[in-house]
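Two separate entries follow, structure 1 and structure 2, each one form of the same protein chain as structure tokens.
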Structure 1
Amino acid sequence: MLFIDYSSAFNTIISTKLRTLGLNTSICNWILDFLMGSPQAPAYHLVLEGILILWIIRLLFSKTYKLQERSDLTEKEKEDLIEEWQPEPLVPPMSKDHPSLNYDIVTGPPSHKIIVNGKECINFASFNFLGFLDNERVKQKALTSLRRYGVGTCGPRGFYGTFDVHLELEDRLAKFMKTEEAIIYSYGFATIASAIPAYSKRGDIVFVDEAACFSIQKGLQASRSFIKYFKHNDMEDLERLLKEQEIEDQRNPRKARVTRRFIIVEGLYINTADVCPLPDLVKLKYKYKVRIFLEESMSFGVLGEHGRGVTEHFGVNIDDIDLISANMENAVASIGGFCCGRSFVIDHQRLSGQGYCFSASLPPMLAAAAIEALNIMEEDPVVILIWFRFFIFMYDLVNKYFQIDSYSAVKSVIGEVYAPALHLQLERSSGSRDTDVRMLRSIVDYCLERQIALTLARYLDKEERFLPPPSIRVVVTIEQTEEDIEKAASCIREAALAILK
């Protein structure tokens, strides 16, 4: 170790200090020579320093150079890598007995009486709430349309795929829902999944109920917005999130001015069969200035005096909801979906709704069928009232069997009185989802044997954000008689007793 007193380096050299460091005389002399000689040789000094600096620079650059060199593979190496690489198979192998490989086969129309796997049953599985699936009037209208327009439209709406029937259906839907405008899609699933990303973009914030259905989840994913889930139907949790956001906004008001906010809820949740607290949501909407999108696939044609859905059910002004979407595949018993609301909102989808712009339009005969279904709903709103009795009857019945009964511990009913599609879940899970599903499936099979067609609610286990527990879905339709319902309820109970013992 060398110690040089720099403050006086060029004035005095304390050679004794060097000696004490244990250096021998010749080296000490050399150092002394060098230090004392340096003022006389500035050129030498500068050159040396220059070389040093250059060397440092070279070091700095050569390091990165070396890194690059290392990743630069030769063609031979690349070739080996390409030879070596083995991709995973396109699809993972499936076990031969996976239930999806043997769908139940329905022969003939899936209406009130349905032939499942060759056995005639009473249908408690199709979402044919109002019994329009084999309604003669609907069929006739569809056929008239078929004879006029053919089946397909051969084009998207923009390119000669807009038929007068589409315009009529949009008009009728808007009038039925008492909104300014409606827009139809050719596929129920694609409706809300296209509508969400048309408005909510990257950077926007969406507050979503945890129980939201899969098409909402896909719409959210496509929107690339910032998603905040609140607990199912828990308005306090939602308000907590909204407050958090408000604080965040105050911190960054510039950003807040351009960040759109949406609450997305379902009217009647398909996964839980309960209704959203819409009046509370509307209050929160104005308090926190958030727009509400409402997905009403299950409630359209079901709730409200005229079947207008949850807005009518709660008496909420429909203009307070920014966008309502529903499919026409359940109560209306056709194909496709629609969005309705104010023109200011809806019209935007005609250029921005991907499923609207880039897809072939709805076959005119299906649109005609939907128009006729709307006609019947308008002519005869009593239908819905009568049907309400059935829900309640069913609900009471199922409750009676599964909640009050001493064996009730094995099953629980999920859903509200006015839900047309109830979920029956296991009260106590066996701990494994597969076993649960198998047990429920045996109940379904037991009922199928006895001419009651039920189905399991199917989910993509790995894709769902919050996977609902396995359940049997029981759908009440207007065509079922009280005897049918009684028979179904007792049959399910029998099955539960036999299988869940």
Structure 2
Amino acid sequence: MLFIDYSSAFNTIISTKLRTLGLNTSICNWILDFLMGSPQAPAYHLVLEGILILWIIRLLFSKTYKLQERSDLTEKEKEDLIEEWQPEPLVPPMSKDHPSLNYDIVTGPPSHKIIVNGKECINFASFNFLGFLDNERVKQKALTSLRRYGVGTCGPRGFYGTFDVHLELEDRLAKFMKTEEAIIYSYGFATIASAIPAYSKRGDIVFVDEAACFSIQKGLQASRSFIKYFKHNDMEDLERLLKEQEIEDQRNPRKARVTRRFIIVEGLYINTADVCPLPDLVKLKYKYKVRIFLEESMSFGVLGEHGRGVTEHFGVNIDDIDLISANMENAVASIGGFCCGRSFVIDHQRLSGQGYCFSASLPPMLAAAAIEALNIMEEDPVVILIWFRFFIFMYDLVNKYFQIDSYSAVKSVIGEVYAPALHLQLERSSGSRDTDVRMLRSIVDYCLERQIALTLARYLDKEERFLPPPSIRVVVTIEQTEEDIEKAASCIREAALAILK
């Protein structure tokens, strides 16, 4: 066996040989000092380095996969297999009679009277709570803006998409909500879905109500944060999760210092038509040092003396809420959404809100329409009180009809007395969601034939985190009369007794 020790390779150096190469004396001395003064590598280092080099060479010249050759197939059999192969379907098969593929066609404005499939009906389906959709003042402002600015913007806010009317609307919204600043989006769904990932990142913790709407769910998905769901409006369950997190933070204080914590709720839940217990949430916020994001698409313009939402409804200081978001597609009867809060919080979205940065800005005519709707709400807050009276009448009437005979065993009313839209659900499910949906759709069709326009609550069944049960949504607006409401309640009861036997 031959053993070569390279560890002493430079122990003997003849300086005269270096000088014979024509090198300067100072250079020769530097080379000698470097070689003789450098530490010698142990032998096992050289062995490990050699193994690593050989492994890298093997990886470079080896194939990452091996083809499985079938020598038992002829060329014709191979061609037949190729011709018979079919790729997997891009989407699952869907029946042509699926409700999502069969639309109720609307012609004309969806205001108090709506033309559905050629039949004029009383509208109990649209979120036109305050009747601004067909308001003459709002329409005139939109037409004036249309003539001045055109139909759209063709650019995001950062690329010549910021118009003076956008800045005016943001200022008006901030003053109306009594916050420092507001920011508007051109798409209501994208508002909260963009706001959440702008602040909550990977590693952060978000406590969310199980009944949160789909736009909140998409925002959470985009944030890639750690999500903890608590039972709907159950403050004891939320506090249990907060305490567990507090104990975990005490075990790992270094991680806790860089982890942000959020509570995200809806002011008025679109899927359950009930209100969040905001005063209790604020107490938990300060007790466990978390931030609160409040989604108010259903409560903005509806709850509170002036329509400022859940904070005004409960008398909660709006500064106790870190971020408020809402869309302008319901009470304001426009398009898009907004977020409001402190200036340093809102300005962050101008740099990181995806829907704000990458979508074409709100068409100026719709921004002008929203401004005029705010003007009317400020000039005449009585409009909110009138609407509120109509809904109490509707709620009491429907409950009275649903509690006589055998009807109460068939259907149940879901929602608060001051919610703008309530849900009618089957008291006893058939055991099949598709069957329940068809039964409720039959009630909608029955009412539609009798000039009452209702709608089913629609969900993406396979993507909802907690899929709500099927329901009919009944929406009350200021344009409806007591006679309209009584006719609708009577028609729904008649349909249920005829269909749900």
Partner chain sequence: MPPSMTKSSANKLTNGDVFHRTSNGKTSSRRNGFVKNHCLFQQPQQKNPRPSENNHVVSRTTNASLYNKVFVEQFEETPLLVAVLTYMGYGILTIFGYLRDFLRHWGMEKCHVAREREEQKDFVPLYQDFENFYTRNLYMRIRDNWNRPICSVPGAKMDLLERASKDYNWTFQHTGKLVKDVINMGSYNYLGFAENTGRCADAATESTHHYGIGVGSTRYEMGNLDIHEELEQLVARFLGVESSMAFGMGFATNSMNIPALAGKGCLILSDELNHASLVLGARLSGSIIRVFKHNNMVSLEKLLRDAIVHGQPRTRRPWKKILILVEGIYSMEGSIVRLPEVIALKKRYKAFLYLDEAHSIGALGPRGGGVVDYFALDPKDVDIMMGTFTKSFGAAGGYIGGKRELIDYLRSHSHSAIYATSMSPPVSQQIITSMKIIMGEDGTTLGVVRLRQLSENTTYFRRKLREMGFIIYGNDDSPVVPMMLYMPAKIGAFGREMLKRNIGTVVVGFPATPIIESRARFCVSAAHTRDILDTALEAISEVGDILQLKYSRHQRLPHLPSSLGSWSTEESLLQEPSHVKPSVINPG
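Take the two forms, find the largest set of C-alpha atoms that superpose within 1.5 Å, and that set is the rigid core. Along the sequence of structure 1, residues get numbers from 1 upward. Owing to the predicted nature of the structure, the values given are computational and were not obtained by experimental measurement.
Participant: Only one of structures 1 and 2 is the form predicted alone; identify it.
Facilitator: Answer 2, the form predicted alone.
Participant: Once both forms sit on the same rigid core, is the C-alpha displacement of residue 466 at or above 2 Å between structure 1 and structure 2?
Facilitator: No, shifts by less than 2 Å.
Participant: Once the two forms are fit on the core, has residue 118 moved its CA by at least 2 Å between structure 1 and structure 2?
Facilitator: After core superposition, the C-alpha of residue 118 moves less than 2 Å between structure 1 and structure 2.
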